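One chain comes next, on its own, written as structure tokens: the form predicted alone.
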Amino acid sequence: MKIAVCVKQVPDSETRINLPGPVPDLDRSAFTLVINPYDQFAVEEAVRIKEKRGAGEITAVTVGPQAKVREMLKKDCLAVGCDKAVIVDDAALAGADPYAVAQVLASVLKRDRFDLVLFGIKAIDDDASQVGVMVAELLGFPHVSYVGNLVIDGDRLTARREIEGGVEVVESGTPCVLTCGKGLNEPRLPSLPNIMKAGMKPVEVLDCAGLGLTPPASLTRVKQYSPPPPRGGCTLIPADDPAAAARELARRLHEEAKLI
């Protein structure tokens, strides 16, 4: 089985953003960049599928400047079981929106004809949760989103996903696109020997021209980043009489805050 795992490099969730006021773009120079945490579940699931079947090939695919993403691919993909990687590095894709990225990824995936394509459910930088399902539509593949459990038997798969009030069970053939959620597995950590060996695995770097693709234009753009509004002050209600305090709290929540 040929498996592709599409991954993204994002700012670490603990990165502090200096945003004193509204700005057209963020200063990313001091950001600590890591693999998107949800993509780690996709990588781990791909490796487990290969290990269980005893054969197969896993390709990690990403879009971004190779100078920045290469180390991420080495440590978080190749060192934990992926066999090779593809980087699409094209200056024309800087700031590309989800649909533009999906078109580029779909071109790579069409070229190499994969049986299974895995994504994380979303990237933690924009929370768009769009690229995986867009790629599925562009490829004409069936897709299952927010997968929390996966069983593959031959060329058939059974995916379970949590929905409001229960669990939905979806069966599909391959090729198929899945977006993987937290709880699907426990991602492994790379060992130092495997990180060293990962440097010997093939990494293909190409641009849009190499894919025979005109760089797709973004249909959306972020106009402004703004800090959240300051939090309001706290009002204390005297509690000498707890029952009266409770009534006053309920009144304010209903008449002033409009919360109840």
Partner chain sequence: MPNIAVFIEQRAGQIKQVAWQMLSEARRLADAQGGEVWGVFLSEGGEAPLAAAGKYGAQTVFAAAAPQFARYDSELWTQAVAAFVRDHHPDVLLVGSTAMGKDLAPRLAARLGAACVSDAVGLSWDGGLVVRRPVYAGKCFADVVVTGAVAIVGIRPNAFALAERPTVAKAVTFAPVLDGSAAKAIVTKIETAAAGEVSLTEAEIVVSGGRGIKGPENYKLIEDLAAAFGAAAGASRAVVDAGWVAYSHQVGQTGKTVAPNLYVACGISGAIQHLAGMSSSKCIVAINKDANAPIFKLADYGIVGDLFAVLPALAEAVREIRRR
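Positions refer to the first chain, counted from 1. Note that the coordinates shown come from a computational prediction; the quantities given were computed from them, not determined experimentally. In this text, the rigid core denotes the largest set of C-alpha atoms whose superposition between the two forms falls within 1.5 Å.
Below: the form predicted together with the partner chain, not depicted.
Undergrad: Please check if Val205 has a heavy atom lying within 4.5 Å of any heavy atom of the partner chain in the model of the complex.
TA: No, no contact at 4.5 Å.
Undergrad: Is Ala55 near the partner chain? Define near as a heavy atom within 4.5 Å, in the model of the complex.
TA: The answer is no: Ala55 has no heavy atom within 4.5 Å of the partner chain.
Undergrad: Does the 4.5 Å heavy atom contact test between Leu26 and the partner chain in the model of the complex come out positive?
TA: The answer is yes: Leu26 has a heavy atom within 4.5 Å of the partner chain.
Undergrad: Given that the partner chain is not shown alongside this chain, does Leu93 nevertheless sit within 4.5 Å of it in the model of the complex, heavy atom to heavy atom?
TA: No, Leu93 sits far enough from the partner chain in the model of the complex that none of its heavy atoms falls within 4.5 Å.
Undergrad: Just one of Ala136, Leu109, Leu116, Ile87 has a heavy atom within 4.5 angstroms of the partner chain in the model of the complex, so which one?
TA: Here the answer is residue option Ala136.
Undergrad: Counting only non-hydrogen atoms and a 4.5 Å cut-off, give the residues of 17-38 close to the partner chain in the model of the complex.
TA: Those in contact are Ile17, Leu19, Leu26, Arg28, Phe31, Pro37, Tyr38.
Undergrad: Examine Gly54 after superposing the rigid core and state whether its CA is displaced by 2 Å or more between this form and the one not shown.
TA: No; that C-alpha moves by less than 2 Å between this form and the one not shown.
Undergrad: Once the core is superposed between this form and the one not shown, does Pro24 show a C-alpha displacement of at least 2 Å?
TA: No: Pro24 shifts by under 2 Å between this form and the one not shown.
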